[in-house]
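A single chain, nothing else alongside it, follows as structure tokens in the form predicted alone.
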Amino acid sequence: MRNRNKPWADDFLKENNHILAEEPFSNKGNWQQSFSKKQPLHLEIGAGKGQFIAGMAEKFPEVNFLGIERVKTVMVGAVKKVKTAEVENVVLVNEDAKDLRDMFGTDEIDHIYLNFSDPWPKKKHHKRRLTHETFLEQYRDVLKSDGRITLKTDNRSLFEYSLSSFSKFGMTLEDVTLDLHELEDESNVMTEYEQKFSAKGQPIYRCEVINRI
């Protein structure tokens, strides 16, 4: 979906810079200093309009959350969601993190969330999938030992690919769910896409893996 240009986005983000990391690459290894207290650090890659990360911050105040979103016009929505939630344990990053190791130190992250990432269906584009081994190498380095990755998607092909990719890379599959909402998991916080697809009866796939190498 094409994102409409928002000429006022720059001013809005500047006005709310207390929610945004202004120089994220300078925070490598020291992200805990961006929060009021030291707590487990969870990272969402592709925070979108922020419904998930704001909801998680409300539900789990004992965790610090970082959300990366490269599209500025989409980041505006995430900032609004975090402001409305009135949570203090969220920092947003408006950057294209091509290599997480440029932004995070070794063993700095406790948990990574991959929510409804682009499935890149064409085989020639599979290297762009966020569960390709080139990305898993990054996750392995920035995650703590026994750190976790949670993937949610509506795309069965991407899900099956990801399960295979995680296993081949040596990560431990902890949980595999083929219809998340059938479980009625009260700990689950839905993203905007998740709500949309679920309303249409589309099953949501989820897996959780552990960084054990």
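Just so we're clear, the structure is a prediction, and the values are computed from it rather than from any experiment. The first residue of the sequence shown is number 1, and the count goes up from there.
Although it is not shown, the form predicted together with a small molecule is what the next lines describe.
In plain terms, the part of the chain that comes close to the small molecule in the predicted complex, with a heavy atom within 4.5 Å, is 62-70 out of 166-174, 62-70, 24-32, 141-149. Using a 4.5 Å heavy atom cutoff, none of I19, G55 and N89 lies near the small molecule in the predicted complex.
Though the small molecule is absent from this view, in the predicted complex it lies within 4.5 Å of a heavy atom of just one residue from D102, D107, D118, E133, which is D118. At the 4.5 Å threshold, heavy atoms of D10 stay clear of the small molecule in the predicted complex, well away from it.
Looking at Y205, you'd find every heavy atom of it more than 4.5 angstroms from the small molecule in the predicted complex. For the chain shown alone, E192 is a contact residue for the small molecule in the predicted complex, at least one non-hydrogen atom being within 4.5 angstroms. Using a 4.5 angstroms limit between non-hydrogen atoms, E137 is distant from the small molecule in the predicted complex.
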